[in-house]
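Next up: a single chain in structure tokens, the form predicted on its own.
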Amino acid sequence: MTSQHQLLDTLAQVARALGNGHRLALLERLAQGGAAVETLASTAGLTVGNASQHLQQLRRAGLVTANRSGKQMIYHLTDERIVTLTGLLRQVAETNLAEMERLVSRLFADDDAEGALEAVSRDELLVGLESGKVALLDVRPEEEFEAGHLPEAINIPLAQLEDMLDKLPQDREIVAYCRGPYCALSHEAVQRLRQLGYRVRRFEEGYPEWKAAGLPVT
């Protein structure tokens, strides 16, 4: 007969799989779209061997799945609710852990040393898009953009930003976004564009959170 303890032990497998920063980084990348282990390893700063080990743990916990495409195994999130789950972890940690609060307050602090510009919230971004006063800049790599993006977003990967400034409108505020709340790409883009005189802020979330909220994506 199944006991409550057995059920909770099985549930704990998911928690253990989430209990590693590298695996959370892999999940963040997979939230953008499916990817091969080589791509995942590069994004997370891991060797292919280490990334494979972490992915196997995530598979055993039911968080990712894989299918073969030619000679490669392509990994995917098994469930869109995983984005919501990791988002809840982030919110609980930021609210209740003093160390998390300290780290978040220091994260990319140089972007806005005087605190003059707050990140754009989801509701504020929706209003700006509906009014036509905001242009979206997606600074993720092209393959992530092609897998899915916010409607009418302009894709300029961070490495190509200075070479593609002609794609950016001059008459609207630009809101940059990338993989999620802690993604360095949008922070770096905002910093560079401000130095060039653009009106620009960053979206406080990212593509996965927008999609998980049921908002339109392309």
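Residue numbers run from 1 along the displayed sequence. None of these values were measured; they are calculated from a predicted model.
Not on display, but discussed next: the form predicted together with another copy of the chain.
Visitor: If we define contact as a non-hydrogen atom of the residue within 4.5 angstroms of the partner, is residue 15 a contact of another copy of the chain in the predicted complex?
Guide: Contact check for residue 15: yes, within 4.5 Å of another copy of the chain in the predicted complex.
Visitor: Should residue 156 be counted as a contact of another copy of the chain in the predicted complex, where contact means heavy atoms within 4.5 Å?
Guide: Residue-level check for residue 156: no, no contact with another copy of the chain.
Visitor: With a 4.5 Å heavy atom cut-off, would you call residue 126 a contact of another copy of the chain in the predicted complex?
Guide: Taking the distances in the predicted complex, the answer for residue 126 is no, it never comes within 4.5 Å of another copy of the chain.
Visitor: Does another copy of the chain get within 4.5 angstroms of any non-hydrogen atom of residue 93 in the predicted complex?
Guide: It does: once another copy of the chain is placed as it appears in the predicted complex, residue 93 has a heavy atom within 4.5 Å of it.
Visitor: Name the stretch: of 32-40, 188-196, 56-64, 166-174, exactly one has residues whose heavy atoms fall within 4.5 Å of another copy of the chain in the predicted complex.
Guide: Only one stretch passes the 4.5 Å heavy-atom test: 56-64.
Visitor: Considering 81, 122, 76, 133, which brings a non-hydrogen atom within 4.5 Å of another copy of the chain in the predicted complex?
Guide: Only one listed residue qualifies here, and that residue is 81.
Visitor: Is any part of 16-44 within 4.5 angstroms of another copy of the chain in the predicted complex by a non-hydrogen atom, and which residues would that be?
Guide: 16, 18, 19, 20, 21, 22, 24, 25, 28 sit within 4.5 Å of the partner.
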